[in-house]
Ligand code: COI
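One chain is shown next in structure tokens, namely the form predicted on its own.
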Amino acid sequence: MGITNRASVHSPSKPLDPTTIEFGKVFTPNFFLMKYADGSWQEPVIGPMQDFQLHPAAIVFHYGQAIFEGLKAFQQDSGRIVIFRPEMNARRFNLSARRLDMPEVDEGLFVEACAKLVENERYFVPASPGSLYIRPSMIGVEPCIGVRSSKEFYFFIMTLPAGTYFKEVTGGAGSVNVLVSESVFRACRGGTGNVKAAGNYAASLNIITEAKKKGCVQVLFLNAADRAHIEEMGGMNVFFVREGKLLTPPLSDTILAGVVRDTVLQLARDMGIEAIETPLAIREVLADIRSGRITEAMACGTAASITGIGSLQTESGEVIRVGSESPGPMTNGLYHQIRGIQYGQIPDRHGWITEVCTLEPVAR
């Protein structure tokens, strides 16, 4: 199925400054759209960004049939524009689609659509330390008041120039403070915790708002079954460094298989760091932080890359500082490894980079 390009190539009115771009608020002029109707995908098009006109009874509004992905394109020092690990996002997107009874998108078409849209919007990819955030999404749009899967869908991709995800991080890996949620849980066994369903994030919004009131920018969620074991953060996986070893909870149907999580595990092993996927009880982790056995903690995700965790705060108000410095040496080392590959400063030994085009100067 060929992609029709009806978009013009635009460039920003002034150079993009990654230090001033507010994450998630600035969009490029064009997007990709493909419709599903009568049992098949139809008319894949890149064209001007437009509003959707949906019936008030569209299934997405009432039953939350919506999924999405997040990946990034980078402007390398050589001028190449590349996308980081899009094939993994394509596979995960279809896992989400199957879980929510939505039609799958051909993985090759998913990657091609991302690449062609990024090529069209190439002048909106900021130089380092910026990036172009790519947001593929699917929603059920059939008008129907009835608990069933939609028969009509939109698959669309938007792109957003991006700087730092956390405003508190002004350079490098940085460091943030995190609230441990002991009363609110993001996922349960047999639910949708291991896919990128929009409802997962809606359920976490209230506790994230409360965390910010307490001076924390993110939330660490525990297992709903035992209320004792660490799972992940709101949109990010989590790692701890204990006695020189890198630890993270094992994947399950309540933890998202993060692309950056997988990347961190591989890079750690490349660097000779013992990386272990193991259950982590929150009481033991907090005790190990207090005793100094755990010296670093970090969050990782596409939007935020790798970010140090400076402290964990319980709902009772106790603040437990992680290590003597944050980000610590392992956090910094992993951060610079992944960023080096993304920006072409370190060889890509694992085939993670998909080249899109080479950026040519804009005549002004």
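Model, not experiment: these values are computed from the prediction. Sequential numbering from 1, following the sequence displayed.
FYI, the form predicted together with the named molecule isn't displayed, but the following is about it.
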Would you check, heavy atoms only and a 4.5 Å threshold, whether A58 touches the named molecule in the model of the complex? no
Please tell me whether any heavy atom belonging to A303 falls inside 4.5 Å of a heavy atom of the named molecule, as the geometry stands in the model of the complex. yes
Is F31 close enough to the named molecule in the model of the complex to count, meaning some heavy atom within 4.5 Å? no
Do Y165 and the named molecule come within 4.5 Å of each other in the model of the complex, heavy atoms counted? yes
Do all of F68, R135 and G235 end up near the named molecule in the model of the complex, with near meaning a heavy atom within 4.5 Å? yes
Counting any non-hydrogen atom inside 4.5 Å, which residue from K196, R242, R85, R122 sits next to the named molecule in the model of the complex? K196
Only one of 280-288, 262-270, 180-188, 227-235 has heavy atoms within 4.5 Å of the named molecule in the model of the complex; I'd like to know which. 227-235
